[in-house]
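Heads up, the chain below is alone and in the form predicted alone; it's given as C-alpha cells.
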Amino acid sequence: MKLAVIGHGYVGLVTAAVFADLGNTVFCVGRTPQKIANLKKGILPFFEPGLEEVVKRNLQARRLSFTLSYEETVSEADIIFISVGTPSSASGEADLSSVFEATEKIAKNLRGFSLITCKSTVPVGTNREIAKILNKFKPKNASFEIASCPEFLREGTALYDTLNPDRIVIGVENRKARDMLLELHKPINGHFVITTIETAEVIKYAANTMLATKISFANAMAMFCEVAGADVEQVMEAIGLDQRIGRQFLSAGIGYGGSCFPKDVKALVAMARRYKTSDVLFSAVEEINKLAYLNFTKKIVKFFGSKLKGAKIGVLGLAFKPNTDDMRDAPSIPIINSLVGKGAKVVAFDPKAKENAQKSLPTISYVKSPYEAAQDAQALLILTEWNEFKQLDLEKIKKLLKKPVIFDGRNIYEPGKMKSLGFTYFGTGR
C-alpha cells in the first residue's frame, strides 16, 4: 500500500519506518525543514534503540521518504495516518491545534478515495471533528472514511512494541475501512480489537491512566511503607504474584513522566469534568505522582539541612526512563530545580539525554561518566534506572564520593548490600 504519515515524532517516525520495512511505500510528512533535511540523511531527531538502522535501510530501498509537502503525498496515499502531538493545554485538556491544522491540509489535497486514520491520542469526539473539517475543505470529487487506530508503543522499546503489540485497536464505521486496516496490519502479530471510533478514542486514555494508576499506587504504598517500617519492593513483589494484579508498573520511585502519562491523565481529568462525571480517582493519580518526587526531594533536604547550600550533589540519570533521551515531564527536572533553588551545586550524567536536558536544566554541570558525577560529591542521586548504573563499581563510587551517601529514587540497589559496603543509603519506600 501507499501510506502518508503526518508527523515525525515518536509515533509518526516509528509508524512510517515499520510500515516501510514491511514493504509499503511510505511518505512521512513534517513541518520543520531542518528535521526533514536531517531525516533524508538518516539523522533522527531523537534516540530510539534500533530505529536509525530501520530508517536508513528503508531510505536506501526507497520505500521511505521524507517531505514537507502534502500535495505530492496525500493525493497518492491509500491510508493517511495523523500522528502529530497533542500536548496538554493550560487547562489540562489536549491541545488539538496540530491535529486540526494537519487535517485541513490533508483535506485540500485529497484525490479519489482515502482512509484518514488518527494515531494521535485524542479526546472522545475528535475524529468526528476531523470528518467535519475534511468535508469542509476537500475537493468535490474526493471521498474518504475516518478511523481511529491508537498506538501503544513505549519509548525505548518502540520498534518491538509496534511489531509485537498486545493488541491492535481499530475504531471504524464500516467494513471497507476495517478491511483496509486489517490488510495493512496483517504482517503484525497482535490481537485485533474492532470497535466504534469513540471506543477506540477512550481505550488509549484508559490504558495509559490504568498504568499511571499502578505507578501512583506503588508510590502511595512506598510513602506508607517508609513510615510503617516496611519494604515496598517486597510488598509489590508479593501482590504482583497475584495473577489478577501482575507485577508490571508496580514500581515505586520518583513518579512517571514522558510524553504520554502526564498529558493523558490530565486530559482524562478534563474529559471527566466536561462530561460531569467523577474525576476523583484520575485526579488522585496525578496528585500522588507529584507527591512521589516531592517526598524524595524532602528526604534530601532533611538529610542535609542548612548544609545543602553549597553542597555538591551528583546525579545519575535525567531522562524520564531508560533507553530514551526524552526529558518531557521528567521527574529529574523538579527535583534538581528544587535542590538548585536551595543552593546545591548539581553535577549530572545521563547516557543519552544530555542535549535535551540542557534545555530544561541549563544551570547545572554535565559530565561524561557516572564516576565523574560522583567525584567529590556529598551525595549521589539515582533518578533514572539505566542498566549501566546497576553495574557500577560501587567500591570505586564510594572512594570518589566525599561522603558515601546515595539517594536511590529507582530502588536499583539492595539496602542490605549498600549498608554492608559502608554507604548511607536511602531507597524509596524501604
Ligand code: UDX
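A residue's number is simply how far along the shown sequence it sits, counting from 1. Note that the structure is predicted; figures quoted are calculated from it, not measured.
What follows is about the form predicted in complex with the ligand, which we do not show.
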item: Sole residue of 347, 202, 211, 168 within 4.5 Å of the ligand in the model of the complex, by heavy atom; value: 211
item: Heavy atom of residue 321 within 4.5 Å of the ligand in the model of the complex; value: yes
item: Contact flag, residue 154 vs the ligand in the model of the complex, heavy atom cut 4.5 Å; value: yes
item: Residue 317, heavy atom within 4.5 angstroms of the ligand in the model of the complex; value: no
item: Heavy atom of residue 221 within 4.5 Å of the ligand in the model of the complex; value: no
item: Stretch from 189 to 197, 298 to 306, 256 to 264, 176 to 184 whose residues place a heavy atom within 4.5 Å of the ligand in the model of the complex; value: 256 to 264
